[in-house]
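Okay, here we've got a single chain as structure tokens, the form predicted alone, with questions on binding and movement later.
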Amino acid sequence: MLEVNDYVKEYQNQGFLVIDELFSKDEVKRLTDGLETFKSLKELPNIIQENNGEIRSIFAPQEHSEAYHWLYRQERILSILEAISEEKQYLYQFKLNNKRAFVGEAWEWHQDFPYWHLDDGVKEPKMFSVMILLQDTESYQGPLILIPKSHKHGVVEFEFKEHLLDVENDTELSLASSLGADLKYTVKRSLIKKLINEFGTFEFKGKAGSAIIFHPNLFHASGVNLSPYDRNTAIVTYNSVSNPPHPRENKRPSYLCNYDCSPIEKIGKLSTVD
């Protein structure tokens, strides 16, 4: 395993870093067992369902599961984030994504920060997303794809989408775009081609418990899940305590943007998971 200073250099240069099997098999099992909690909570607005009633995304899982309350406070994650940012972190957003076998949708090339900047009023991209694989993941399951070094371009020009022209004036449409695969802020395709020609792509696949930390301006996407296996991930977004949101009048729900900017108290032992 690399030293923290090596992680900082890798992140700053590439816009992401991967830590293989950051969580043990026992820890991952506790997390996946914790998914049973949500089957009786499907009517909550923060639990997004497919048309057939299957759960696709769970926002703010830490509010209903001690296992996920444990996960986002992990010292093994936060020590790296604090070394990179030189600041304490708070929980900004937390979601579980399930890309269903055979039918899991593709997600277009986008950056995350435009949502947090334009919708929530966050001033600077002093934020991190941490994706954790909850099962072994291969290329045919539609894994996360990144363009290395693309974070250095800042917020870039969006691809024009005529059917989303009025999204900023339609609260319901705006919320739907935040929760579904029809994204309102996607990267212009000509720029995607230019940067892939220059830097290539990186596909995040590996063993369950592996994690990737990536910059909010990094270009990323994912393909459809062609396999007979689901692709389950946890995605925790952190923000520096000096960088709070300044939402508009119609602010997004707290499960999309946490307005409590209290720094996280780190923990680290498996025995604290119920």
Ligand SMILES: O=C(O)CCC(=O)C(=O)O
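Residue indices: 1-based, along the sequence shown. Computed from a predicted model, the values in this text were never measured in an experiment.
As for the form predicted in complex with the ligand, it is not shown, yet the points below apply to it.
When the ligand is considered in the model of the complex, only one residue from Y92, W107, Y72, Y185 comes within 4.5 Å through any heavy atom, namely W107. For the options S65, S222, N217, S240, the one in contact with the ligand in the model of the complex, meaning a heavy atom within 4.5 Å, is S222. For the marked spot (H153, I196 and E203), a heavy atom within 4.5 Å of the ligand in the model of the complex is absent from each of the three residues. Contact with the ligand in the model of the complex, defined as any heavy atom within 4.5 Å, is confined among 108-116, 76-84, 188-196, 132-140 to 108-116.
A residue is said to contact a partner when one of its heavy atoms sits within 4.5 Å of a partner heavy atom; I55 fails this definition for the ligand in the model of the complex, lying far away. Contact check for L44: every heavy atom lies farther than 4.5 Å from the ligand in the model of the complex. Using a 4.5 angstroms limit between non-hydrogen atoms, I235 touches the ligand in the model of the complex. Among heavy atoms of L144, some come within 4.5 Å of the ligand in the model of the complex.
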